[in-house]
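Okay, so here's just one chain, in structure tokens, the form predicted alone.
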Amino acid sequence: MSVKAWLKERFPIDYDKFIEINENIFIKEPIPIHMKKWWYCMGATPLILFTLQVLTGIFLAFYFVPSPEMAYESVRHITQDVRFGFWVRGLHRWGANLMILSLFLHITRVYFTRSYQKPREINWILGVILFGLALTFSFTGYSLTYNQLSYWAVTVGTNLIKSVPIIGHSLLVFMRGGEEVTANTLTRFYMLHVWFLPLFLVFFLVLHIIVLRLHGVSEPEGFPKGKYFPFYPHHFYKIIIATLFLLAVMSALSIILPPGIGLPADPTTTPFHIKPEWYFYPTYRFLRMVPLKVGIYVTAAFLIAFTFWPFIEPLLSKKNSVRRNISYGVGALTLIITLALTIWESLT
């Protein structure tokens, strides 16, 4: 009896139909012609990096101990004693940075090609949620090393939560597991990083892909409409090339610029200069420039406008050409301010 017949006897489904459906969904999926250009087809990059983050995170979890007494030592052990431990940790660290960067570039491309317009508004919102989850992922992961910089970065970062109106103090206590950064904080951040955030991210990622499949990839102006090519082999090989390229870049960075371990966390000694990771520089610099409560309100207003921009843009003008100019102007101004604040903070 053949394997196919054996399986069919125990799982009585139409395998030929099953294979045909999967071929049509994945192998023969029509891809718009503009996706042959690398700039337009790299929406898969964050997904590739997230997959690598999951794999390297599982290996790190074999050795990491989420307790104040052992967290720093377990990171040191991974970095210095475990065979290829420094490489796996380097892949995880640099993968997180590249994932944030790739999401930023992807959102920028989607914005300036106006791919968020009707009927794809919900997918834009899902993308913004995924970006927020990725930032939270990085923040919680950074804290787990439990060295001086990560401990005090968590202290400063969670202190900002207190300024949130009405629910600020309750959120602070919930995040820290008390009034101060303690063992409870490390345990909660570990649970968020390893269990809750991956589940949330996978849920919203699946929704994002489903909505993308339902509406198809938006076709930007300047490309012939109605021309497609099958997912396999052209686009499939591009994803393979992108994966290998990312692995090579992350490996090179892990060797040339390996992540350090710093000094163990000391709650009694505040470091001279505390900074968050680079992707928080714009917000951090802005909050230092203005009164904290004003900064919190302005940041919240910006996040709301950014999230619901596909619905806000049509209200600004009913003329498409005017809307396009307003959209490009707002996007360019936001990008310039973001880059300026990032550079400013990196130089101070």
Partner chain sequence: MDTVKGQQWLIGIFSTLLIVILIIVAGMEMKKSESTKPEIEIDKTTAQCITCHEDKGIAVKQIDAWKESKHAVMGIGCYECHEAKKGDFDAFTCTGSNILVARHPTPKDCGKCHEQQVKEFANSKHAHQFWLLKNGDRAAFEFPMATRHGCEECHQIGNIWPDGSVGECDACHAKHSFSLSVARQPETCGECHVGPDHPQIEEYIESKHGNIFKAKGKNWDMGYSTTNHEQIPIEAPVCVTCHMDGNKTQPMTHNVSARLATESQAPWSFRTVWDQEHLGDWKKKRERMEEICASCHAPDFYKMYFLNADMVNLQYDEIRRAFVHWTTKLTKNGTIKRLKYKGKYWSNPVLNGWDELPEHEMYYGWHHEGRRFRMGAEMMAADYTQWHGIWEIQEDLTELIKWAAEHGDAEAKKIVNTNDPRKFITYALYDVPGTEWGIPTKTNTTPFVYQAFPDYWDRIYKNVETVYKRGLISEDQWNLWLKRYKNRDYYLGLKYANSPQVDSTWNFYKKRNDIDFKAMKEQVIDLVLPGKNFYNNK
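In this text, all values refer to a predicted model and were calculated from it rather than measured experimentally. Numbering follows the first chain given and starts at 1.
Here the subject shifts to the form predicted together with the partner chain, a form of this protein not shown in this document.
Q.
I need to confirm a contact call. Of R83, K118, K225, H273, which residue comes within 4.5 Å of the partner chain in the predicted complex, counting heavy atoms only?
A. Contact check passes for R83.
Q) Heavy atom within 4.5 Å of the partner chain in the predicted complex: which of L214, I241, V156, L207? A) By the 4.5 Å criterion, the partner-contacting residue is I241.
Q.
Only one of 273-281, 85-93, 193-201, 145-153 has heavy atoms within 4.5 Å of the partner chain in the predicted complex; I'd like to know which.
A. Looking at the partner contacts, the answer comes out as 85-93.
Q. Going by a heavy atom distance of 4.5 Å, is K318 a contact of the partner chain in the predicted complex?
A. It does not: once the partner chain is placed as it appears in the predicted complex, K318 has no heavy atom within 4.5 Å of it.
(Q) Within 4.5 Å, heavy atoms only: does A248 come near the partner chain in the predicted complex? (A) Close contact exists here: in the predicted complex, A248 approaches the partner chain to within 4.5 Å, heavy atoms only.
Q. Wondering, does I255 line up within 4.5 Å of the partner chain in the predicted complex on heavy atoms?
A. Contact check for I255: yes, within 4.5 Å of the partner chain in the predicted complex.
Q | K36 within 4.5 Å of the partner chain in the predicted complex, heavy atoms | A | Close contact exists here: in the predicted complex, K36 approaches the partner chain to within 4.5 Å, heavy atoms only.
Q. For the stretch 41-73, which residues lie within 4.5 Å of the partner chain in the predicted complex by non-hydrogen atom distance?
A. Not one residue comes within 4.5 Å of the partner.
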